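Only one chain comes next, encoded as structure tokens, the form predicted alone.
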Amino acid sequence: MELKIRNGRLEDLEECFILESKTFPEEEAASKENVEIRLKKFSEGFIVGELDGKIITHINSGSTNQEDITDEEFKGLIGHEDGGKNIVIFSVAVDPIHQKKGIASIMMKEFIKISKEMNKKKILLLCKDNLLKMYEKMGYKKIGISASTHGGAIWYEMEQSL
């Protein structure tokens, strides 16, 4: 399996939105508008992984000086700061037919490398209980239950110092 990782481009919008919709429940998936905003405003924090020319995975993010990442408006990059000290992951999406093959780990290693190159101090993310162990294996530390109620779910805050 030769996964080609690159920055997302605006022409990837449709494929990335479909992937987002296949990966997350409707109430949690990013809207097409938010995927477009992320591709336009912070493509350096949006990476995609292609297999045989088809996008099968992506990670997208925003940048901030804030430590609190529960603001729903931030998902639309309202309050995004290119030079912010922290990078906040919004979604790690892997096509369901390619899950449990180590692809998220490959993508996260690349994302960490890129974040360090951007001189970020920390990567912050929210995840559900079932993904805590996976992120802990990748070096993330569980902070606790988040105040976020996105999609009506219980979320956990995690961070990795760079």
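Throughout, we count residues from 1 along the sequence that is shown. Worth saying up front: this structure is predicted, and the values here are computed from it rather than measured.
Omitted here: the form predicted together with a small molecule. The next part is about that form.
**Student:** Can we say 24, 90 and 102 each have a non-hydrogen atom within 4.5 Å of the small molecule in the predicted complex?
**Tutor:** Looking in the predicted complex, the three residues 24, 90 and 102 all sit within 4.5 Å of the small molecule (heavy atoms).
**Student:** Counting only non-hydrogen atoms, choose the one of 31-39, 116-124, 46-54, 103-111 that falls within 4.5 Å of the small molecule in the predicted complex.
**Tutor:** Every other range fails; the passing one is 103-111.
**Student:** Look up in the predicted complex whether residue 69 has a non-hydrogen atom within 4.5 angstroms of the small molecule, and give yes or no.
**Tutor:** Although the small molecule is absent here, residue 69 would stay clear of it in the predicted complex, with no heavy atoms inside 4.5 Å.
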